[in-house]
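First, one chain by itself: the form predicted on its own, in structure tokens.
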């Protein structure tokens, strides 16, 4: 039995925080796991910026409502799901991505959630489990699955290395430079070739 796991933002969706940064003009919110490998450092910084600028969940949702999946993302997901099972492993939050999941055809998603007060202020984030991406791949392997994994950022490296087959999808040059042994795909056509080969072998 074979199964595929993948990251979400930068693979099937645009980076939510980058779009919030563009909408608000707050440059520091452009930082993602493509630049900062420590997720706790990154999220602590983000929450501090939101508090300083009095931005709440509705401000974030307003930006999210304008987003669309990456060009071809729905089609590649439909293609994958016609051939195999895929689980999206993301470090995003349920409160952010629910509207976007409909646009992707409701793929299975494992992610985290936020602590939001009655005024809509985002006061904290709650990881479903530490190191969830790598641990999910390990769990699938323990269920006797052959696992393929792909993503674009530092927080995807553990699952990529743990999987039977793993690779980057459209990663930044800094990540590629640090992990030159991990193969790279740059578009959905290349992704189809790798997935097809995995499923046929």
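Please read these numbers as outputs of a predicted model, since none were measured by experiment. Positions refer to the first chain, counted from 1.
The same protein also exists as the form predicted in complex with another copy of the chain; that form is not shown, yet it is the one meant from here on.
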{"query": "Candidate stretches 63-71, 24-32, 160-168, 136-144 - the one whose heavy atoms come within 4.5 Å of another copy of the chain in the model of the complex", "finding": "136-144"}
{"query": "Proximity of residue 100 to another copy of the chain in the model of the complex, heavy atoms at 4.5 Å", "finding": "no"}
{"query": "Contact of residue 113 with another copy of the chain in the model of the complex (heavy atom, 4.5 Å)", "finding": "yes"}
{"query": "Heavy atom of residue 122 within 4.5 Å of another copy of the chain in the model of the complex", "finding": "no"}
{"query": "In the model of the complex, residue 201 touching another copy of the chain (heavy atom, 4.5 Å)", "finding": "no"}
{"query": "Partner contacts in the model of the complex for 81-100 (non-hydrogen atom within 4.5 angstroms of another copy of the chain)", "finding": "81, 82, 83, 85, 86, 87, 94, 98"}
